[in-house]
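Take a look at this one chain, the form predicted alone, written out in structure tokens.
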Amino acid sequence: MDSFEYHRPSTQKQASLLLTSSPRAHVVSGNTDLLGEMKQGLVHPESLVSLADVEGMKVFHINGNESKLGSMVTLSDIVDSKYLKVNFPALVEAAASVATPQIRSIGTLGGNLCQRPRCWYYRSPLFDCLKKGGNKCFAVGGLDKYHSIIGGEKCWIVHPSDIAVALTALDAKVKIFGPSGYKNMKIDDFFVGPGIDIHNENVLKEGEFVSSIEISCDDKSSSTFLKFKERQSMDFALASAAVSISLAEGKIHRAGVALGGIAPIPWRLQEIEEYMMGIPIDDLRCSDEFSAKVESSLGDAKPMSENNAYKIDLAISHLKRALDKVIQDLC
């Protein structure tokens, strides 16, 4: 690895200034992903700016049904939280599915959301792919078993974050700090696909970083996250599903449904969400029309080849299981 400067600022403003002081400055949270990129020669930072000592970045604030999680909260903190287990089980289940206990103890909420793709063509120094400034996606016509089946557009990566899928279903809000101060956005607006930005997976600009995540729940709600992976630990999703449903007077008044492991961003199934709105939860459980919509929810998917076509059935089966679990919890 090349030599670099290492900074540990104490305020978010200092961190932002340091990130803008060098064109090759990188933010460091848990560093479980960035270190790998450095060893693989994908990034050559002149400056690393750690958020470890920044005030307020490890906050875990609860106000009624609303929660604010600093981006430096570790995945272990999430897994161990009794409050989150009761009110946001999908987030806890997603965090628990990541890697190993050792990595979860240092991996952070913000770092997991902002990690880079695990595509072997992107990670290998042997391939100058589109995402690295080349002129070709080597997965097209290549080894595509783990690549996306929908939303690819030029680059067929899958987003690696399990946390992102759960937070999408939970309608989380992302708070970003940068040179202009704070800004808030829906998590749907935070991630971008290759059709919008071939080189980046989120909207963060120079000097910006995720400050915190805000989530809220209703008195009558339930959520879950399910993931399929080839190995029990240290593996990423081949397909995953997150579902969150809230009730008011027995009817669904908020629904979040997202899939992971199949697209360059957490893939939200808005048609399914819209269909559920206003339906009594008991009616949904025995609705043939709803079952048919779930079965066809990936009708627009276009597998790259027969090698990753399995992801359609895999994602749909996990979606069914997640929906059944949440509906049963609420009935």
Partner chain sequence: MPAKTYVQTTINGEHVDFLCEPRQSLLECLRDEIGLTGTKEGCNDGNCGACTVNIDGRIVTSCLVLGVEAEGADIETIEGVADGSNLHPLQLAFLENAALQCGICTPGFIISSKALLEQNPNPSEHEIRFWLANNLCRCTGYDKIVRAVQDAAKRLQEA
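Residue numbers count along the first chain shown, from 1. This structure is a prediction, so every number in the text was calculated from the model and none was measured.
Although not depicted, the form predicted together with its partner chain is the subject of the following passage.
S.K.: Which one of 277, 62, 35, 292 is close to its partner chain in the model of the complex, taking close to mean a heavy atom within 4.5 Å?
M.R.: Exactly one listed residue reaches within 4.5 Å, namely 35.
S.K.: Just one of 248, 234, 196, 185 has a heavy atom within 4.5 angstroms of its partner chain in the model of the complex, so which one?
M.R.: Contact check passes for 234.
S.K.: Within 4.5 Å of its partner chain in the model of the complex, counting heavy atoms only, one of 198-206, 129-137, 142-150, 104-112 shows up; tell me which.
M.R.: That would be 104-112.
S.K.: Looking in the model of the complex, is its partner chain within 4.5 angstroms of a heavy atom from every one of 216, 244 and 317?
M.R.: Contact check failed for every one of 216, 244 and 317.
S.K.: Can any non-hydrogen atom of residue 74 be found within 4.5 angstroms of its partner chain in the model of the complex?
M.R.: Because a heavy atom of residue 74 falls inside 4.5 Å of its partner chain in the model of the complex, the answer is yes.
S.K.: Do residue 80 and its partner chain share at least one heavy atom pair within 4.5 Å in the model of the complex?
M.R.: Contact check for residue 80: yes, within 4.5 Å of its partner chain in the model of the complex.
S.K.: Residue-level question: is residue 284 within 4.5 Å of its partner chain in the model of the complex, judged on heavy atoms?
M.R.: It does not: once its partner chain is placed as it appears in the model of the complex, residue 284 has no heavy atom within 4.5 Å of it.
S.K.: Spell out, yes or no, whether the shortest heavy atom distance between residue 329 and its partner chain in the model of the complex is within 4.5 Å.
M.R.: Residue 329: no, not in contact with its partner chain in the model of the complex.
S.K.: Using the arrangement in the model of the complex, list in sequence order the residues of 256-282 with any heavy atom within 4.5 angstroms of its partner chain.
M.R.: Contacting residues: none.
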